[in-house]
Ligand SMILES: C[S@@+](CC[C@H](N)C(=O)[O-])C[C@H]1O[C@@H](n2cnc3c(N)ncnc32)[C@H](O)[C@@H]1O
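One chain is shown next in structure tokens, namely the form predicted alone.
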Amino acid sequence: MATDKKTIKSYDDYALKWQKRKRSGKNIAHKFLEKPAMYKKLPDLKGKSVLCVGCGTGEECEHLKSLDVEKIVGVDISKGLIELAKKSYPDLEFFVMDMENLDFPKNSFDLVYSSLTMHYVEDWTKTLKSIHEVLEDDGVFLFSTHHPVKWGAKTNRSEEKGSFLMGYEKYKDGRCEVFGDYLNTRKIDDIWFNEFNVTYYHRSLSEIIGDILKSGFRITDFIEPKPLVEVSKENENFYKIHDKIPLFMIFELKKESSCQRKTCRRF
């Protein structure tokens, strides 16, 4: 199933606020955790062609362009986000496009980059196969997404406190209360920033890895990034929590050449 239609509408309606939030530098989860870890994993991109999937309002593409790439293309399913990206970065290419059905020739890109987008898709099979097709042999798909340990937890938010609980309590009278659900794939309706309605999907790590292996990719790295220590100066609690509990995870996947896929042998 592709991205939920209500989520697409939310991004369309929230596009300008999303752009301002992205550029404010106040998103500490991005600034001190996800972005440093993703950028550290980028290969030498000089002269390479790059596709950014889920590019939002284009800031990520601008950063990738600064790394001396030959070609950078951004796609997002939200028309509102892409309109702002085109206005902000008129020298770059942007398209409204479903990541499950990428409309590019086969073997078009050396790197596909995706920041915090894959969790909007329930079944990863079509997306992974679509990305696999547009990558060159030996090309890399680098992406970050929700970590199921955190995002599979039971969430409670109030003016007084917020809690993310994963575990259980057993009582001597035989009762048992379970918090969260790690093992079962499920749709989660959430509200971010007290106003942004969004739907994403929780999937266990085994489900995710299973889809990756079926798609023909080889996993070349897997990272559960910790926040930079510097974040403790801005938000000590964020550092305390995510120095111990993962928030996001990063996969580096490689498309092997046809020869490697067939396990070529010399005689």
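Since we're looking at a predicted model, the values are computed, not measured. Residues carry their position along the shown sequence, with the first being 1.
If you look for the form predicted in complex with the ligand, you will not find it shown, but the lines that follow are about it.
Comment: 48-56 is the region of 232-240, 209-217, 62-70, 48-56 lying near the ligand in the model of the complex, near meaning a non-hydrogen atom within 4.5 Å. Shown without its partner, this chain lists 165, 149, 183, 116 as candidates; in the model of the complex, only 116 has a non-hydrogen atom within 4.5 angstroms of the ligand.
Although the partner is absent here, residue 21 lies well away from the ligand in the model of the complex, with no heavy atom inside 4.5 Å.
Proximity of residue 14 to the ligand in the model of the complex falls outside the 4.5 Å heavy atom cutoff. The shortest heavy atom separation between residue 120 and the ligand in the model of the complex is within 4.5 Å.
Under a 4.5 angstroms non-hydrogen atom cutoff, the ligand in the model of the complex lacks residue 145 among its neighbouring residues. Contact annotation for 68-94: residues with any non-hydrogen atom within 4.5 angstroms of the ligand in the model of the complex are 76, 77, 78, 81, listed in sequence order.
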